[in-house]
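There is one chain below, alone, in structure tokens, taken in the form predicted on its own.
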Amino acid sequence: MAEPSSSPRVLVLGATSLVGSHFVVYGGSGPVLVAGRQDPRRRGFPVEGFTRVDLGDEEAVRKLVRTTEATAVVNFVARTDVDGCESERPRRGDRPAHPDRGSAWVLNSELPRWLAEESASRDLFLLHLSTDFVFDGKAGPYSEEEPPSPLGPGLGWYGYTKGVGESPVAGLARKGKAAIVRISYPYRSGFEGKLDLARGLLMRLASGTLLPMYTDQEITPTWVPDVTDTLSALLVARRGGIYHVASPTVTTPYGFAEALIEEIGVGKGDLTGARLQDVQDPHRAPRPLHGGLRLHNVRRLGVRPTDYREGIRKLVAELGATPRRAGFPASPP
């Protein structure tokens, strides 16, 4: 049986993602092995080894975990295009008949099950990243004890598949052999692969294409370095359970944008509001209206979650004073 270690060897899946890349570069929790389609060593990431694997291939994933030299597995993999996921939603039932390897069902629901089953067979500690989108947004913000919502008109296919993927990991978490870390609208100061809530706003401010921001949607944005700190602490302690990492203060997309604009000092003349409740688009996935996360367990790890206003100050300080100085293009990609 593997013992807790101050320097566990970690197998990371999804190492080039928005959150995963920050963990790999700044985690400092031990030697990192990476598996997937993209070799992060080409970007200069401090990785000990890389295995090219199709993470939608069940047998390949199971073999990877059975043969790894790691003592822990961290899964950042997910299909996160919320509206793209919605297009995969079955017309009937809650299971697709023939899902593609790169589909939300395979990557968000099946992959975590494969990892949970194989990790349990080898006593590897499993960390799994999830989202507040597993809740339908009727009664948020949500605590760690709240179970994911059942599939229905208020819950998108992305959130449902992530909730299904949590189930086998939660079984291990109750035994102290795995942990689920839920986040909400993650943002950070630098990442080339994908825009987030904050940097997307900065880009649109720079280009004069700022969209109306929702005034009625409750969110608790997550400062990504807090996730890295949480995962590192969990790995060292080998502590199971469910942990929420997010702003302890609830805001709205409009409130977040207002605070960001105020911090960079460009004036909010282009900022306008809209109501999520007024959006009627059958091709668009539902968003949790009263979403967000309540925090309790993470504080026991010694992690102090970053309030969104503090996160904005940190982000602006790291990027520069204005969106143009931050290096964003003159028009959206």
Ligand SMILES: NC(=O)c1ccc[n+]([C@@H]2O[C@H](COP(=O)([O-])OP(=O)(O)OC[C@H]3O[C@@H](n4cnc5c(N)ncnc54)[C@H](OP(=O)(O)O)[C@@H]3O)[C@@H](O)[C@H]2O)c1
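From 1 onward, residues are counted along the sequence shown. Remember, it's a predicted structure, so these values are computed and weren't measured experimentally.
From this point on, the text means the form predicted together with this ligand, which you will not see here.
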property: Stretch in contact in the predicted complex with this ligand, which is absent here, among 300-308, 51-59, 263-271, 280-288 (heavy atoms within 4.5 Å); result: 51-59
property: The single option of 71, 130, 228, 247 touching this ligand in the predicted complex, heavy atom within 4.5 Å; result: 130
property: Contact residue in the predicted complex, from 296, 275, 42, 37 (heavy atom within 4.5 Å of this ligand); result: 37
property: This ligand in the predicted complex reached by all of 16, 162 and 185, non-hydrogen atom within 4.5 Å; result: yes
property: Heavy atom of residue 76 within 4.5 Å of this ligand in the predicted complex; result: yes
property: Touches this ligand in the predicted complex: residue 158 (any heavy atom, 4.5 Å); result: yes
property: In the predicted complex, residue 107 touching this ligand (heavy atom, 4.5 Å); result: yes
property: Touches this ligand in the predicted complex: residue 149 (any heavy atom, 4.5 Å); result: no
